[in-house]
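Two forms of a single protein chain come next, each set out by itself as structure tokens; they are called structure 1 and structure 2.
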Structure 1
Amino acid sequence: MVQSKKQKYLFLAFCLIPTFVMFSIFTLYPLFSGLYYSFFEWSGASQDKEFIGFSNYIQLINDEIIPMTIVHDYFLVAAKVLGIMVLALFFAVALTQLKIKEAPFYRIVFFFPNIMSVVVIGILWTFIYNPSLGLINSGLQFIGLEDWARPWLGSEKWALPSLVIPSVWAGIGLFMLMLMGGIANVSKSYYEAAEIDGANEWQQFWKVTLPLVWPQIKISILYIVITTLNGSFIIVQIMTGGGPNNSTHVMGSYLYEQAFVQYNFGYGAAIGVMILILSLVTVLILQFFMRRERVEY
């Protein structure tokens, strides 16, 4: 059957156009008009949209909450990268290389939080941190460390670090699986050769596993960084709402507050642009520093 050109183009249009139209309306258009809105002062009612040039950005530079939110975001990024990567790498190596019989059980259990809703995780952990009913304080009391008990999420000093634990708790499984996939692809002959050369397990990890799994490690780190900068506000919003006294506000939760609570939509859009720029720049910088020759043995 020879298709005419016209039929071919019709089919191509049938395949591509509806999807592209929907994507343009609900993804591309909102992103670009987000940029556009950032040059307006706008409380949401259509009459009072006023073009104010870069004023939102000038306000952003002078807003003393903004630097705090950026610091909080990067604190979460650093803590999550460190916590998740160390534990995920440890578990991945333990479950693939050490011939543990019950490894499938751990694999299933560790991944389970990854399919739970962030609302459920957030509320569950808010409860675990609850000063009087929660597991942590009552547990500390039980083992005689009641001096350590404190209102975790209600304390300006402890609230932000307290958010790291549920984030790591919820994130490890996915990255463990990604790294396990990488380790499974490393040929056994490298380990055999290393063993003949007299390398112990620890040396094998540093000299064989780590360099050969580097691509997966790199992708995992980038992925944690992107998802944290773009999405850390969700857990913040659920667990602390940015408080106490702004001590846990991140860029996204501040955007939400400015736009959807205070109705400063233009200013919120400017914060959104800042998040976009910061995450793109961060990814570029990271990619530059994590560039490393692909290892071939």
Structure 2
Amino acid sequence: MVQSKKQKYLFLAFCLIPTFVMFSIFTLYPLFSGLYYSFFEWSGASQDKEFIGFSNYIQLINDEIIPMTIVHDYFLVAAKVLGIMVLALFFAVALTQLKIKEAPFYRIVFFFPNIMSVVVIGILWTFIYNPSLGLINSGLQFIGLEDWARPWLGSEKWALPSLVIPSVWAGIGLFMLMLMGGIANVSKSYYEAAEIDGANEWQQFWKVTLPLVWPQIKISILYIVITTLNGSFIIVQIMTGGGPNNSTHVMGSYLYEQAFVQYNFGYGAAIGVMILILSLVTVLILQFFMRRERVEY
């Protein structure tokens, strides 16, 4: 028995140690390195760095652009959660419950943007938004709405909302498949019982489908929030570079500008720590408000 327990612990150690080593190298080390460098004034390109304590954090509090970037980040979070979840849920229900013959083809079409690089998506939509040759302005002129045509990415008013469409377009397919998996696991007997009770399709959606796929919806929302707060700077950097006049800067793109354009690496590290804290706080708040007991019929 003692030999068996020893073998069991050795096997667990053999499985867990490589995972912990990889987690330490790729997660813990960058995390604590960023926190360490946030207390220095450092260009990031030389060996000379000066310990300045909390000066970077004091600068961060007094930086007028930081509140703007936070508002932009949470605007993108709200727009992406609403846009992606509504459309993904709509298409998931349509492709699983309406018996569409071309459903496999539509699954491929919706998922296609997910296999494309974010860089390619950004360049593609930059061409689509092109004020003179882009599809949007050309289409508006074709149907007689030339007054609506505008330099979408060059306008302080429209540049940030314009980033929402490619972000939503690129995210629908993945979450649609996740929701389709959840809907496929809902027993048909629940719908049959609902029909016997006189529930129409809309009532079946609200009373059967939505409660039973809530775990998939919750995970999807948390994933969208985390990836938007930590990764939306890529599409921003490619399509607008944070402009015009900082109107599309998010926390990530401002970090990039400070660390790798202005060579203010210590301040960029402090912004990175702020992004981590805001992401954790946001996820904890969402977890609290989205908690509910598992529904079983």
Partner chain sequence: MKRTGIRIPLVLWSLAVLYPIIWMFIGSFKSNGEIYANPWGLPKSLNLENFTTAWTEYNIDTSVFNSLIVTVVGALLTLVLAIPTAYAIERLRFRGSQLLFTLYVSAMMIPMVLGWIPLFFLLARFNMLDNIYGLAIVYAVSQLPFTIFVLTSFMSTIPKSLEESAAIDGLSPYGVLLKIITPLSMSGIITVTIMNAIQFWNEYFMALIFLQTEENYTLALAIDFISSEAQYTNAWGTLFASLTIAIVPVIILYAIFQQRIAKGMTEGAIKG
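Definition used throughout: the rigid core is the maximal C-alpha set that superposes within 1.5 Å between two forms. For clarity, every value in this text was computed on a predicted model and none was experimentally measured. Residue 1 is the first residue of structure 1, and the numbers go on in sequence order from there.
Enquirer: Pick one: which is the form predicted together with the partner chain?
Expert: Structure 1, which is the form predicted together with the partner chain, differs in this respect from structure 2.
Enquirer: Smaller rigid part versus larger: rotation angle between structures 1 and 2, in whole degrees?
Expert: 15 degrees, smaller rigid part against the larger.
Enquirer: Fitting the two forms on their rigid core, what distance in Å separates the Cα positions of residue 18 between structures 1 and 2?
Expert: Superposing on the rigid core gives a C-alpha shift of 6.5 Å for residue 18.
Enquirer: Using a rigid core fit, what is the CA shift at residue 27 between structures 1 and 2, in angstrom?
Expert: Here residue 27 registers a C-alpha shift of 3.8 Å.
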